[in-house]
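Below you will find one chain, with nothing else, as structure tokens; this is the form predicted alone, and questions on how it binds or moves follow later.
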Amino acid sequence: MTNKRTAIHVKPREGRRARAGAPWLFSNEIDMTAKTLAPGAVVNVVGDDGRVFGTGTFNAKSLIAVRLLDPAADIVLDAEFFAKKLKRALALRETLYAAPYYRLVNAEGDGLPGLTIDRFADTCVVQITTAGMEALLEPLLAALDETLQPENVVLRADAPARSLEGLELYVRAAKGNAGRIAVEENGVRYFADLEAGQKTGWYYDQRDNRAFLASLTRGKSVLDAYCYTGGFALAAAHAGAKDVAGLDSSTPALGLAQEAAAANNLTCKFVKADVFEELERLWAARESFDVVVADPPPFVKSKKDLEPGAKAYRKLARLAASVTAPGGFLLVASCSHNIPLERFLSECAAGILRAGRSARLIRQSGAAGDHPTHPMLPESAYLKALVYTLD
């Protein structure tokens, strides 16, 4: 079946990454004579030499003007198309995980740019960040229903990136209810607020890093800075840590963390605080912990924030190292894709040195396996987690 549609033309000698297989084309790489098309319109993409790049969506308002969904032209982006993509994504997750708690779709990594779906058993949280995917919401939801038959589908269409696409922000239940649910991970039961929590309500990306760090904590004291709903803290307590404290500035998140501690019969102390101020206080009081986690929200939200954000990571590493006991472990993480790994490594190293500590880097990692990335988009591998042992 074909569906003739507008063709977007790649300029001569442009689109180098797309020619190598990347799914993005920027506005300066294409002929923009079709800029009157509605945002999110489905288009064919062809080169000046007649080469077919594939079927994609177009938005003249976005710097990334074209996002490719299939290497063939005239592909119909209907429920059948999405069902095939979702089943491919599901097969990977069911191979990786025994329980239905994972990121089901990770945008370009699963061939569906602009779409993230997190699964919490019979509930799915759908996050759409592009006009193209927004325009395809109906067949997408039909395919999700066919693939998983979820009881609840929550649309978290409130990411700041939507404003760059000219989209409105909203949160609503497309099916069932949007509310608080339980999350099972590495033997721990957590709680997440799917309607009002950050992003989709939970951060599956740190799953493997939480498990690794928990393996180091038996019989030790642990500080989880920026603990949110207790991810690292509760994992440590479950693994046998003797004392666990969590810091965060969000009262609702700390409430969920405390509830989860009670549900798991674990003892943790959760404190509402500005993390930088509390780390300064702990250092001044000469308090230290055997294991320290510093997993902040993004300090570099855009490229213009790189320098001040880099300094913030350096300061965080310094303060966190200052309260890590000799022979202890420190994890510093960044979810800012706008700070390159090399820069993050250098800032953390500088911060640890300024704390007067020597360190050995024992682990360098990213997101868990349910966050696959497109091989031609290395910058989309946003998460960086570094684990040091400090002398």
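Note that this is a predicted model, so its numbers are computed, not measured. The first residue of the sequence shown is number 1, and the count goes up from there.
Absent from the display: the form predicted in complex with a small molecule. The rest refers to it.
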Inset, instruction - State the residue from 308, 297, 176, 179 whose non-hydrogen atoms include one within 4.5 Å of the small molecule in the predicted complex. - result: 297
Inset, instruction - Taking 4.5 Å between heavy atoms as the contact cutoff, choose which of 248, 118, 134, 110 touches the small molecule in the predicted complex. - result: 248
Inset, instruction - Could you confirm whether residue 156 comes within 4.5 Å of the small molecule in the predicted complex, counting heavy atoms only? - result: no
Inset, instruction - Flag residue 226 as yes or no: does it have a non-hydrogen atom within 4.5 angstroms of any non-hydrogen atom of the small molecule in the predicted complex? - result: yes
Legend entry - Exercise: residue 273 in contact with the small molecule in the predicted complex, heavy atom 4.5 Å: yes
Inset, instruction - Give a yes or no for residue 198: in the predicted complex, does one of its heavy atoms lie within 4.5 Å of a heavy atom belonging to the small molecule? - result: yes
Legend entry - Listed range touching the small molecule, judged in the predicted complex by heavy atoms within 4.5 Å, from 145-153, 119-127, 226-234, 81-89: 226-234
